[in-house]
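Here you get one chain, nothing else, as structure tokens; it is the form predicted alone.
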């Protein structure tokens, strides 16, 4: 996961934002309970959205309770109570994703950047084994995605669609498994595919100049800067539009304001931020 699946706080009602924070804090607590205090460091907006969506699909939220932040006992906060496996699945996906991301960074980084990873990785090895044992289907999907991603990025002629396919397929299968019937499975599969594609391409757009400087793979590097920005905007907007079309077919009640906010406002805001940054850098370098 990359941290791009964020809400737009300014467009949320106060009670909706409080509910979103309560899920965020609840997932943080679940990470500590299921794994270790160190695992709280992998808490992300992406997996918070996953937890929100699962709780919305399953009507799994059973209210809220007051408490204190474990990391900052002086801070009061609310926790969303969950009656199903939504938190546990989101926590496991967080651990598994970060574990494989660390392994991937070992292969792609230089010696000095690898040093801290050698110290961090053992902290997550035990947690990863537990997460893989609890949710072997998530382990299989993430591991297969990483293998497919490395194969795709090893090709010199890999297209934008081919590069984004592994991440898109992984999230498609993860969300499809949550469908209650075949029509809902089909909708969730499409939603997951387009969100996964959008997230991968967002990360590629965000890292465009860094990857060019370091000689790393990026599906947009084959194009001149101006054309690359245009292709980024087109590819991202297509996935975003298709993701919202799929989402519109879901009949959600719990947390609907939050999930709709993310797709209608949060993701376009993130996209605009990344593309605008690229455009500004492009314009500066052309002067």
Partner chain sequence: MTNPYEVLGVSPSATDEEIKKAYRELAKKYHPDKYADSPLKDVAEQKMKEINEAYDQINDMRRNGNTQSSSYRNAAQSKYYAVRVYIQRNMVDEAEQLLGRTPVEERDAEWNFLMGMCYFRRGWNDKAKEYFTTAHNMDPGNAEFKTALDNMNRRAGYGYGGYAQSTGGGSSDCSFADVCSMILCADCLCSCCRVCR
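Positions refer to the first chain, counted from 1. Just so you know, these numbers come straight off a predicted model, no measurement behind them.
Omitted here: the form predicted in complex with the partner chain. The next part is about that form.
A.B. asks: Check each of 48, 30, 39, 239 and return the one that places a heavy atom within 4.5 angstroms of the partner chain in the predicted bound form.
C.D. replies: None of the other options qualify; the answer is 239.
A.B. asks: Of 54, 228, 43, 246, which residue is found within 4.5 angstroms of the partner chain in the predicted bound form when only non-hydrogen atoms are counted?
C.D. replies: Exactly one listed residue reaches within 4.5 Å, namely 246.
A.B. asks: Please tell me whether the candidate spot formed by 67, 85 and 174 is one where all three residues come within 4.5 Å of the partner chain in the predicted bound form (heavy atoms).
C.D. replies: No, none of 67, 85 and 174 comes within 4.5 Å of the partner chain in the predicted bound form.
A.B. asks: Whether residue 127 contacts the partner chain in the predicted bound form should be assessed with a 4.5 Å heavy atom distance threshold; does it?
C.D. replies: Output for residue 127 is no: heavy atoms all beyond 4.5 Å of the partner chain.
A.B. asks: Contact between residue 183 and the partner chain in the predicted bound form at 4.5 Å, heavy atoms?
C.D. replies: The answer is yes: residue 183 has a heavy atom within 4.5 Å of the partner chain.
A.B. asks: Mark residue 265 yes when one of its heavy atoms lies within 4.5 Å of a heavy atom of the partner chain in the predicted bound form, and no otherwise.
C.D. replies: Heavy-atom contact with the partner chain at 4.5 Å: present for residue 265.
A.B. asks: Would you classify residue 34 as touching the partner chain in the predicted bound form, given a 4.5 Å non-hydrogen atom cut-off?
C.D. replies: Although the partner chain is absent here, residue 34 would stay clear of it in the predicted bound form, with no heavy atoms inside 4.5 Å.
A.B. asks: Using a 4.5 Å heavy atom cut-off, which of 158-166, 76-84, 94-102, 138-146 contacts the partner chain in the predicted bound form?
C.D. replies: Careful reading of the contacts points to 158-166.
A.B. asks: If you look in the predicted bound form, which residues in 184-216 sit within 4.5 Å of the partner chain (heavy atoms)?
C.D. replies: Heavy-atom contacts within 4.5 Å come from 186, 187, 190, 193, 194, 197.
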